[in-house]
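To begin, one chain is listed below as C-alpha cells, in the form predicted on its own.
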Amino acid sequence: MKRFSLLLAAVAMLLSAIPAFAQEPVDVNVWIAFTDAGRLGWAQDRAAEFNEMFPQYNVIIEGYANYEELFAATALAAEQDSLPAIVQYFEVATQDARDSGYFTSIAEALGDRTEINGLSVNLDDYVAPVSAYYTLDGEFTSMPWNTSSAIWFNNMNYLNEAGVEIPTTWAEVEAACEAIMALENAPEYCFTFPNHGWFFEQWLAQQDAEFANNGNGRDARATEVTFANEAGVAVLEWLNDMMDKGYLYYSGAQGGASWATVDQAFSSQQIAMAAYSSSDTATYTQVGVDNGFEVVASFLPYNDATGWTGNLIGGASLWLTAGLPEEVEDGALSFLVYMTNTENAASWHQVTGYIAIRESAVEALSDEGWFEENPNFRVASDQLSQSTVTTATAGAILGAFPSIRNVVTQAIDTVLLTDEDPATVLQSAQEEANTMLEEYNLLYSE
C-alpha cells in the first residue's frame, strides 16, 4: 500500500511538472458579425497567430451574417447558459449590452494590470472619439475594434466635368448637383445615402444636437428621446428638398438592405456622390479603379446654418462575458489585447477602411507613408480627430436603441415617399420611440 501511495505521489509530481503548453488548450470562443473572407478571414488569421503564440489557448472565431442575427443568437445563448467568451455588439446596442448582465467591463476585468501574458495593455492609446464613446461612468466598458464614421464619396469624373469642387455643406451639395445634373451626360441622380438611422444621427451630431435627454444618456440613463428638435427637422427638410428637386436618389430600401442599393448606384455611376460608411473605403476606392472613374472621399457635408461640431463613430466593439472561469477570462483578455494592438489596428484599417483606433497605429501608418499614398483612408480619421467631443458627438446611449433607430429610418422613408410634413412625421416618430424607451426602462431602470 505504501509503495502504491508513493507511486501516485510520483505521478502527481510528474504531471505538475508538465509545462502548461503540453496540456489541453483552453477554448476561447469569439462571435463576430462578419462572414466575408476579408473581415472574418482577417480575424481568424489573428486567432491562428495568437494560438501559435499562446498554445495554452484555442481561440475560435465564429461569424454571423449581421449584427441583428448575432444579437439574437447571443440572447438565446444566454438563456441556454452557453455564451461565448467574447461577443461583438454594434455601438447602438451598448446600453442593451450593459443592461443584459451578460458582460463585464474591460476595465474591471483588467484591474490594475498593465500587461497580461506579457502583452502590454494601454487603454490611453485609443483615439479620443473612440475612447469617449466606450467610456461610460468613467470606466472603459468594451474593447473597440471596428470603428467607422459616415463620410462622402465623390465620382470626380462628374465633378470635374461639371467644374465643381467637392461639397462640404448642404448648400454646396445643392450647388454641385445643379451643375452636375446640367451635364449633357448627367447621371440619373446626383447623390444618395443608405436609409439607415445612423446617417440621421450623424447629421444631428454635426449640428451639436442631442438625440436623447440627460446628456444623450451619458450623464444619467436616457428617459426621453429628443431628436424631433430643430436640427432633426432640418435634416429631414433638406433630404425632402433634395428629393423634390430630383437630386436625391432614394431606392425605398431601408436599414441593412439600403446599403446594397447605394453600392449598386455608385458603382454603376447612376449617381455622382454618396454618403456611406468609411468601413467600405477600400471597396469604394477600388470600385472606381475597376469601372474607370476616380473616387475621392471627403467629410460628410453639414448644415450651413448651424456649422460643424463633429461626427460620431459607428461600428462595433468586443464585449467580455461575465463570470468566465479565470483561465478563459485571461485567454479572452489576452486575445482582445493582441487583436487590437498597434500592428493589428493598422492592418485592420488597411484591409477594410475602418479607422485605425489607436494613436500609435495612426502614427505608424503616417510614418510609412500609407495615408500619403492612400488619402481616402485618412478622411474618417481626420473627420473624427477634428471633431469637438461633446455629448452630441460622443453619441447617444439609450435602451432599445436598435428598435428606435428603425423608427427613425421609417420616418425618413415616409417623408421621402409621401407629402407628409417632415416636422409632423418626426414628432410622431419621437413619440413612438419614447414609448419604446419607457417600456425598456421599466424593465431595466433601478
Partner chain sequence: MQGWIPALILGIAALLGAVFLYNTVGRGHRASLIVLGAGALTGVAGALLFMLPLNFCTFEQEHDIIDQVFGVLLIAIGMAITLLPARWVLTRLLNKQSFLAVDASPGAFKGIILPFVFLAPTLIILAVFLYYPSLETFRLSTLLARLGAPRTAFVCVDNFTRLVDDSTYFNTVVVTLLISLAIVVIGLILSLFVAVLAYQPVKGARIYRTLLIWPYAISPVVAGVIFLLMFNPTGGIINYGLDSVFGIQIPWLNDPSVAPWAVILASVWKSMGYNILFYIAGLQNVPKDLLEAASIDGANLVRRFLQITIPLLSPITFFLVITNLTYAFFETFGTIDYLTGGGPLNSTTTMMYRIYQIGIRNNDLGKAAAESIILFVMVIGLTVIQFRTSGNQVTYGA
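Residue numbers count along the first chain shown, from 1. Remember, it's a predicted structure, so these values are computed and weren't measured experimentally.
The same protein also exists as the form predicted in complex with its partner chain; that form is not shown, yet it is the one meant from here on.
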Completion exercise
Picking from 408, 28, 394, 400, the single residue whose non-hydrogen atoms come within 4.5 angstroms of its partner chain in the predicted bound form is 400
Practice task
Could you spot which one of 135, 169, 270, 229 gets a heavy atom to within 4.5 Å of its partner chain in the predicted bound form?
Solution key: 270
Practice task
Go through 344 to 352, 298 to 306, 169 to 177, 67 to 75 and give me the stretch that gets within 4.5 Å of its partner chain in the predicted bound form, heavy atoms only.
Solution key: 67 to 75
Handout entry: Non-hydrogen atom contact residue 37 with its partner chain in the predicted bound form at 4.5 angstroms
Key = no
Exercise for the section: Examine residue 414 and determine whether its closest non-hydrogen atom to its partner chain in the predicted bound form is within 4.5 angstroms. Expected result: yes
Handout entry: 4.5 Å heavy atom contact, residue 371 and its partner chain in the predicted bound form
Key = no
Exercise for the section: Although its partner chain is absent from this view, report whether residue 118 comes within 4.5 Å of it in the predicted bound form, heavy atoms only. Expected result: no
Problem - Complete contact of 251, 418 and 442 with its partner chain in the predicted bound form (any heavy atom, 4.5 Å) - result: yes
